[in-house]
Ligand SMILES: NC(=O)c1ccc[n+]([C@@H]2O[C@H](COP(=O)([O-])OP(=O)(O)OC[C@H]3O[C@@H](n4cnc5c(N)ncnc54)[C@H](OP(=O)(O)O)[C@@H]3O)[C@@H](O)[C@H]2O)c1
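Next up: just one chain, as structure tokens, the form predicted alone.
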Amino acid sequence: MPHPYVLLSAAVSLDGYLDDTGPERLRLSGPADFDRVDEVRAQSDAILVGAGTLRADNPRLLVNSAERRAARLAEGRPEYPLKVTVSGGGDLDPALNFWSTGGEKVVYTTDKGAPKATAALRGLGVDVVPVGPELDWPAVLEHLHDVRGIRRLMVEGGGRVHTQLLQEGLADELQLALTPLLVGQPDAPRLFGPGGYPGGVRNRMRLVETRPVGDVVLMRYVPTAPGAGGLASAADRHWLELACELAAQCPPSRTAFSVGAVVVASDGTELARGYSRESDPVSHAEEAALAKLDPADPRLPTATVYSSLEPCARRASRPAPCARLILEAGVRRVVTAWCEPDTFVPSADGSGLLSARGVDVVVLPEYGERAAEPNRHLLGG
């Protein structure tokens, strides 16, 4: 399911709160961080906020810098990013700043909430999109990507929205501005709520940047735990990108594909990586990676194998194809980018073999071109 790059953005106190319990919005950031957020907004195709945050904060969600808006126009983009909100019940106040400022707006709601939202916003030029009996985040992101052409989505809250997107493995990045304040009110809103997250309590995000911005500290994290249930997560895309990078390291061959593979535990820990012909002239990527692990490793049954090319179902160089090696290792989830062409093995269907044996196979075809690139000499391209 293609969807936009989802960036969660929030400012929190040292003790993890988004706000206090007072009637006025607590300003956690200073001028330097507000300007940074304005820059991130200008770089985004759309900005999303939950209906609860609209009611509580009445934000405008604009790009405030005239220079940044002019740059967007010069690039052929709208002056303002698309403004997006989600509301399960469709209870929306048409008098809020959100509707009367900026450019286009869209509301995602349920089938039941759509008539109420449409009636409340009639005459405001707002697109109301029902996504089913429940608020379905994958459907929201798919519509934004496929229908609205959104490639980069900035999510500014609130905590419930941030929590749901992380729990469903749909966030690609978290930008957290840690502010030098303590709230200390147990009833104040927190950034993330309780519940199950991909990878469980052992999951660690990967820190990609930290820097001071005025008197706050910006920390950028990316998730690392794989998705589940046939859905691709942000971490799945990260690890599959790595597999494609490994494929480019393969010694060139005229008789075999260049493939990269990574084995990742359910908590996001990289267990092993490999690439074709890494260890000997006929080794395959999944074979090379799995050979580095103890077959009795208890993490294997809940691990994911990421391979730039679907694992082979048949091979001439060795008795055991990679699909069988994966099954013998007990791995129950595989993410791949590219179905094997008939170049060397007619009607290869490693994904079908794995699926028939109960393995959850996820294909991300948007990475197909990248996976094929090191093999152009074999494909006539």
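As the structure is a prediction and not an experimental result, all values here were calculated from the model. One rule holds for the numbers: they count along the sequence shown, beginning at 1.
Another form exists, predicted together with the ligand; not displayed. Remarks below refer to it.
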item	value
All of Leu28, Gly50 and Ser87 within 4.5 Å of the ligand in the model of the complex, heavy atom check	yes
Option from 98-106, 259-267, 306-314, 157-165 whose residues, in the model of the complex, bring a heavy atom within 4.5 Å of the ligand	157-165
Proximity of Ala291 to the ligand in the model of the complex, heavy atoms at 4.5 Å	no
Interface membership of Leu121, the ligand in the model of the complex, 4.5 Å heavy atom rule	no
Distance check, Asp38 to the ligand in the model of the complex, heavy atom within 4.5 Å	no
Distance check, Pro189 to the ligand in the model of the complex, heavy atom within 4.5 Å	yes
Listed residue (Ala56, Cys339, Leu327, Leu62) with a non-hydrogen atom within 4.5 angstroms of the ligand in the model of the complex	Ala56
Contact assignment for the ligand in the model of the complex, among Val213, Leu135, Ala248, Leu271, heavy atom within 4.5 Å	Leu135
In the model of the complex: members of 280-300 within 4.5 Å of the ligand, any heavy atom	none
